[in-house]
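One chain is shown next in structure tokens, namely the form predicted alone.
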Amino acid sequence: MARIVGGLGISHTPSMGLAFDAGMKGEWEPAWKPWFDGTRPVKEWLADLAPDHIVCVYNDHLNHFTFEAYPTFAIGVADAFPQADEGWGPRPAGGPPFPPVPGDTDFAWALTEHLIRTESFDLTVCQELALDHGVYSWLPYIADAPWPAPMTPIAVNMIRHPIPTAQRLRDLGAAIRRAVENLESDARVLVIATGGMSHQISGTRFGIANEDLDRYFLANLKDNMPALVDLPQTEWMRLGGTEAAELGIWFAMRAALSDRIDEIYRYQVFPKITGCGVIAFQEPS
């Protein structure tokens, strides 16, 4: 059977991607260079882990979905997932665009069948799905193109309320684990979750962040997730800004892992506006 070999939680922000593109031209902003340096160990770990497939739980930012139709959960089942147009053209600017993230329709269909028919997750199935900075901002930091493995993206509504609860996101992760273990293959699967850490991009509290909250979250994700899940989403939003609710996406990754995982690496920094962090877990061989 297929098995999950590790999990990765990582933040995203559009400025992270634009900073990478400038940095590759030798024009690193001082605020962003520490994030690049801090992700080098993750890139090495991912290359050594060499997963056969990636399941990525993320959130779209009105670049593929719109308010006219915004699903709570959507899964991509396609051969490839291109960049979404976010208004500034394909990245990197001035160079050949990043290639689409490859998919694996056989893997994705099997995962979808199990999640819908056995786990009762009502997924919107997308046979075309463009990925925005929710994926493309951090991906070049941890892997070179062409990307390291096919991906099945699962989009979570973090835009239009009501958003899914922390408990529901935890349950999604547990369901992903059961679905992977049900697959008739020997695939080694990495589960990635990405959501912004503390930040707020609208209203009178625009620009607030809470680095202590980010550190607390990362320190407790491995062994004390129930305490994190039990904290009301409104409290995460009060303490860390409205978009800090995106941290709930990380529960899907952690719940897809066993209690025997090793924490391989953890890093946190605050470049601009959005707290940035990454944490890597690995299952025993």
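Residue positions are given as counts along the sequence shown, with the first one as 1. What you are looking at is a predicted structure, and each value in this text was computed from that prediction instead of being measured.
Keep in mind that the form predicted in complex with a further copy of the same chain is missing from the display, and what follows is about it.
Asks: Classify Ala143 as contacting or not contacting a further copy of the same chain in the model of the complex by the rule of any non-hydrogen atom within 4.5 angstroms, answering yes or no.
Replies: Because no heavy atom of Ala143 falls inside 4.5 Å of a further copy of the same chain in the model of the complex, the answer is no.
Asks: Can you check whether Pro162 is within 4.5 Å of a further copy of the same chain in the model of the complex, heavy atom basis?
Replies: Result yes; Pro162 sits at the interface with a further copy of the same chain in the model of the complex.
Asks: I'd like to know whether Glu113 contacts a further copy of the same chain in the model of the complex, with contact meaning heavy atoms within 4.5 angstroms.
Replies: Glu113: contacts a further copy of the same chain in the model of the complex.
Asks: Classify Phe121 as contacting or not contacting a further copy of the same chain in the model of the complex by the rule of any non-hydrogen atom within 4.5 angstroms, answering yes or no.
Replies: It does: once a further copy of the same chain is placed as it appears in the model of the complex, Phe121 has a heavy atom within 4.5 Å of it.
Asks: Can all three of Thr194, Ser258 and Glu263 be found with a heavy atom no more than 4.5 Å from a further copy of the same chain in the model of the complex?
Replies: Negative, none of the three is within 4.5 Å.
Asks: Have a look at Arg168, Arg177, Arg188, Arg91 for me and say which one sits with a heavy atom within 4.5 Å of a further copy of the same chain in the model of the complex.
Replies: Among Arg168, Arg177, Arg188, Arg91, a heavy atom within 4.5 Å of a further copy of the same chain in the model of the complex occurs only for Arg168.
Asks: Mind listing which residues of 122-159 have a heavy atom within 4.5 Å of a further copy of the same chain in the model of the complex?
Replies: Result: Asp122, Leu123, Thr124, Val125, Cys126, Gln127, Glu128.
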